[in-house]
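Only one chain is given next, in structure tokens, and it is the form predicted alone.
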């Protein structure tokens, strides 16, 4: 039986825990839960991983959730940080402050020179490429702008440059709790490298389907944050599901 590594997501908007629907900032739902409380909730259930995103930074181009990153690392979470990493200096700071990996999207897409610099300075293990997909194309700048690239072609080029991990978001499903689109992920499972999946994941059955397709990682947001408990945190406490 294939396994999948699950990364619960905490997205921050102006420092508050929030979720968007299909990446639309106008739909932002802000939770009463404070970031530190979300981190402790993960740890209380034995969950060791955190996918931390600065939504404000993704839109502005400057990651600014340094306090939250420091808190999460200090508590002992393994953090994958993203949202607004557009300079090598910002990536270097995140890694120095304890992030396990940094997720970079817009910068890689818009500047091949920047992509090469990240590989040269930090190596492929430290960087996750973000490919956020709507209607087959990659979105950039916090999903507010259409990129010029077909998503598959973009990842193939990044893989050829030396990147090995990609986090793909199915924007159509993101924040919807509607479940995954199996055909979408089947197509991504045929791409090279290690693929992480996000967008619409609502149940253990979705995680099982992704694992069976060969998807390596899953980023789960609303399904663990909502009070209805679509995905039980206790089921995420194992190193791999």
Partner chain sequence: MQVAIVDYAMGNLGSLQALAARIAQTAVIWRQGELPHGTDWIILPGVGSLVNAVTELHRRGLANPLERAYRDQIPILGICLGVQLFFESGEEGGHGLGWLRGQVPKLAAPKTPHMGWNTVAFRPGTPLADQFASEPAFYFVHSYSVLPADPEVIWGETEYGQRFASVVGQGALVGAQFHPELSGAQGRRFIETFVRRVVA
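None of these values were measured; they are calculated from a predicted model. Numbering follows the first chain given and starts at 1.
Beyond what is shown, the protein has a form predicted in complex with its partner chain; the following relates to that form.
- Among the residues 156, 150, 97, 110, the one placing a heavy atom within 4.5 Å of its partner chain in the predicted complex is 97.
- Three-residue candidate spot 178, 223 and 226; no residue lies within 4.5 angstroms of its partner chain in the predicted complex by any non-hydrogen atom.
- With a 4.5 Å cutoff on heavy atoms, residue 161 does not count as touching its partner chain in the predicted complex; it lies far away.
- Although the partner is absent here, residue 93 is a contact residue: one of its heavy atoms lies within 4.5 angstroms of its partner chain in the predicted complex.
- Proximity of residue 114 to its partner chain in the predicted complex falls outside the 4.5 Å heavy atom cutoff.
- Interface residue remark: residue 135 is not counted as part of the site for its partner chain in the predicted complex, having no heavy atom within 4.5 Å.
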